[in-house]
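Consider the single chain below, provided in structure tokens and representing the form predicted alone.
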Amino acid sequence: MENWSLISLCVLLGLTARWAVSFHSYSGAGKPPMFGDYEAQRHWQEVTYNLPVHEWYFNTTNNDLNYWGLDYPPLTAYHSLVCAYVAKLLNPEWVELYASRGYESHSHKLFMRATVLFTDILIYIPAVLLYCFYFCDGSSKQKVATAFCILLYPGLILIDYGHFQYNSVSLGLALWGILGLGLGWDLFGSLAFTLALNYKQMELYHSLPFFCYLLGKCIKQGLTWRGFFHLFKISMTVLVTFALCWMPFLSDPKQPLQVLHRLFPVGRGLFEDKVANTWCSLNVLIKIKTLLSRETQLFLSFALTLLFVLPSSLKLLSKPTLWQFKLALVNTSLAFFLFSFQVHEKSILLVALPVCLVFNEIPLIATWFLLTSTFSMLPLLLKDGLLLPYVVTSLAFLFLSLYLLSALERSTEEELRLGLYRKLTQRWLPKLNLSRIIKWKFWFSLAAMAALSFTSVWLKPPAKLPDLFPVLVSVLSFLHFLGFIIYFNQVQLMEPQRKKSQKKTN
């Protein structure tokens, strides 16, 4: 009974935080002619409701792709259509063709916010709770505390309930996939992740660990009969799910090709805005977009991404355990974020999800990363008028993570998994206290992010450098992420497996 009370309180506080943020502004509010992501989501409802399926992804007289044309997979389009039917019942003006462009009202904002909350309650929050109670160590109170901290992660709340998107749908489906694999329900896990991939193509960030984990498991069973048959069942599950999602677009070969063209717009370039990845940070010193051809940019991004995902993937393939799977998800998604082509600042949420899954094991590092990921989106959040919720949610998350999970107390060298760093320093600096250094770096990092947040708001940049503060945020975040990818790779590649995690994957 006490556990249910704690879970109910945890969920209630998580929902309260989300709804409190939803009262603030959203992307492109009152900014014609293009507005922002809020208008994009509303426009997709308008398009899917009023036009036949074969026109959804094509540029026609009724569908101007230059005005927030649909560029997400079919499952997003079907979700928009369902929302549109509800919107039509409440107020037909919200989805009226042409006339509804740029529609803004208090009642419509309430409706749009409610659709995000509904999907959160339906998909993401149950997955978080189940994950924590099945796969987190400790007492029931510790499991609830972990779930509470994950639900209060400010990055996802600010983007979905402030800026406005439906990231909780794809991330929630991916988490259901992780749950399925962790529980040994490989077909269910494959189905859930395939749905996530068909909702947002950025879930490709997580696809390689799913593939390597399942293939490694089948290899261990033996590819002569049992393992081969299991691999066949998984492959059929994925193919049938894809076929069902894409069925309305398979009647004409031009349809799926056009959808793919919309999903992977290579013409947009290597990066957009001030994203905290390698290319944007390097562009400060070397104008990559100008000096290198599009083909060279594509090759470089592909080669570096492959180089950084390969060690993690091979380790997972040889040892397909849940602990290795979670670390591979972190390392692979972070490699994609840092080095792949056409990355957005919001894509860091794809890395944040697997980092949340190691909250219970490495609370200090997870807290540090999740705060950094939120900070990396600061220019976007300020643009949307979300300064107050950014500050409040970040401070609340920091306090609760340190207090409820004892992140600072659980920071010995063994708990931080600093085995490789100790081996490297043991000969020359045997008395070096690595745990204390990590703590000092943590506080110094937070102070730097707080100072740059303050200057971004209150100081005016030089006239010759109007983007000074967004660039500084981007570079500082990038340096953090570079350190994190080195750290998580050494944890996965060098540290022995945890016995409990291995048992749970059998």
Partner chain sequence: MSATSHLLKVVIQTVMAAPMTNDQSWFYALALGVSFLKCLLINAYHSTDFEVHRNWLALTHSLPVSQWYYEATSEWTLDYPPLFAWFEYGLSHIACFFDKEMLVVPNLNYASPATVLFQRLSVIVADVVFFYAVKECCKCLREDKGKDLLGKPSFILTVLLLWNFGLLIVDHIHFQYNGFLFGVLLLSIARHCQNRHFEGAFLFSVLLNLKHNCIRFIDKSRSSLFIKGQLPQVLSRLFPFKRGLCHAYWAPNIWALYNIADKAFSILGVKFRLLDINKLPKASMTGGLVQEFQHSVLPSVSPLATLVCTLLSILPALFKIWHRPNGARGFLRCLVICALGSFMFGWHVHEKAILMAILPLSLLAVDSRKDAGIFLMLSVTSHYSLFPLLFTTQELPIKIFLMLLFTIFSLASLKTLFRKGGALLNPLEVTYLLGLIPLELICEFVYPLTVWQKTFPFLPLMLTSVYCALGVTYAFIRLYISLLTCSDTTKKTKMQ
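Positions refer to the first chain, counted from 1. What you see is a predicted model; the values in this text were computed from it and never measured.
Keep in mind the form predicted together with its partner chain is missing from the figure; the text below concerns it.
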{"property": "Partner proximity in the predicted complex: Glu295 to its partner chain, non-hydrogen atom cutoff 4.5 Å", "result": "no"}
{"property": "Residue contact check: Leu15 to its partner chain in the predicted complex, 4.5 Å heavy atom", "result": "yes"}
{"property": "Its partner chain contact at Leu9 in the predicted complex, heavy atom, 4.5 Å", "result": "yes"}
{"property": "Proximity of Val21 to its partner chain in the predicted complex, heavy atoms at 4.5 Å", "result": "yes"}
{"property": "Full three-residue contact with its partner chain in the predicted complex, heavy atom 4.5 Å, for Phe58, Asn283 and His344", "result": "no"}
{"property": "Answer range among 417-425, 123-131, 387-395, 201-209 for contact with its partner chain, defined in the predicted complex as heavy atoms within 4.5 Å", "result": "387-395"}
{"property": "Leu408, Leu244, Leu310, Leu382 - the one with a heavy atom within 4.5 Å of its partner chain in the predicted complex", "result": "Leu408"}
{"property": "Residue among Phe232, Phe399, Trp225, Phe118 with a heavy atom within 4.5 Å of its partner chain in the predicted complex", "result": "Phe399"}
{"property": "Residues of 403-440 having any heavy atom within 4.5 Å of its partner chain in the predicted complex, listed in sequence order", "result": "Tyr403, Leu408, Glu409, Lys439, Trp440"}
